[in-house]
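As a starting point, one isolated chain is supplied in structure tokens, in the form predicted alone.
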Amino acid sequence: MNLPSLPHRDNMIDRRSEAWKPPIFRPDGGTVAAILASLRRFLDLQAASIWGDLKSLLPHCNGTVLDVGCGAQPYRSLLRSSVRYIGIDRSTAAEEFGYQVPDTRYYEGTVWPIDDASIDTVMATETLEHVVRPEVFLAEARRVLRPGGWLLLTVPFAARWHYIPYDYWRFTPSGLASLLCDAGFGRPTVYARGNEVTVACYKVMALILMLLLGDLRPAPWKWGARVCGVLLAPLLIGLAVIGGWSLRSRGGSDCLGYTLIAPFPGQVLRDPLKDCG
């Protein structure tokens, strides 16, 4: 069967890499690492928005916290010292995402290496979009949570296709609510990270950073891009300030992503859509 095609357009299914992506997070490594992390959050509004939300939420955690898809465990330091932390990640994390971190339990398949009803808080930051079957992931979260526990998720929204091809979804608040209620969680609270101003700043900043750091070919294009990036550096700084300020808003319908909190009641809801509200 011969399908029609659009000339001069790429088949995105064939794409396997990115021209530019932010550096991966690094485990907490002292003062220098903390300074570099702060600089990254200044220039990476997505990272700044997540850090700001988790800095407010994670101190409320008690008991045992499970960090699923933990990567470099960048938010572990926000937990109180009395909290027991467990980080888990897929065995393919090094190959697909570049993470191989000590004190992480790596596993294969879809079943987490965690006992039933043993966790007080399950957190997953920018992970659900990389899960082929989110309903299976959420069923595992429900399995390991104790009654009265809660789920904390962050997901991107106005974000580019990243870690190609291992980025599968973008979620809306109504889509997240449906997934969580079907999985047996209580009514979730979903917060937008940023607004239309944040997204506009983020997109232009990403373009300037690609000019400065992107692996562009051929070489003349690369060096021409570097010159443009240097000339636009003052604009980059200005947008970082404006975008950081905009994160203080109540949130907009176009935003960088969402932060979600959902309670686990400890029993299967009779009618998830009705009982969740």
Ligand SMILES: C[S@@+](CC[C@H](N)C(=O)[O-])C[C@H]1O[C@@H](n2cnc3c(N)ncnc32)[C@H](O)[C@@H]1O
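Numbering starts at 1 and follows the sequence shown. Since the structure is predicted, the reported quantities are computational estimates derived from the model, not experimental observations.
Below, we refer to the form predicted in complex with the ligand, which is not included among the displayed structures.
- Taking non-hydrogen atoms only, A93 approaches the ligand to within 4.5 angstroms in the predicted bound form.
- Though the partner is left out of this view, H130 does reach within 4.5 Å of the ligand in the predicted bound form, counting heavy atoms only.
- With a 4.5 Å cutoff on heavy atoms, Y163 counts as touching the ligand in the predicted bound form.
- In the predicted bound form, T125 approaches the ligand with a heavy atom inside 4.5 Å.
- Figure note: of the listed segments 97-105, 190-198, 145-153, 171-179, the one touching the ligand in the predicted bound form, with heavy atoms no more than 4.5 Å away, is 97-105.
- With the partner removed from view, the residue among G69, G251, G229, G244 that has a non-hydrogen atom within 4.5 Å of the ligand in the predicted bound form turns out to be G69.
- Contact with the ligand in the predicted bound form holds for all three of F25, Y75 and D89, each having a heavy atom within 4.5 Å.
- Annotation for 240-265: no interface residues with the ligand in the predicted bound form [heavy atom within 4.5 Å].
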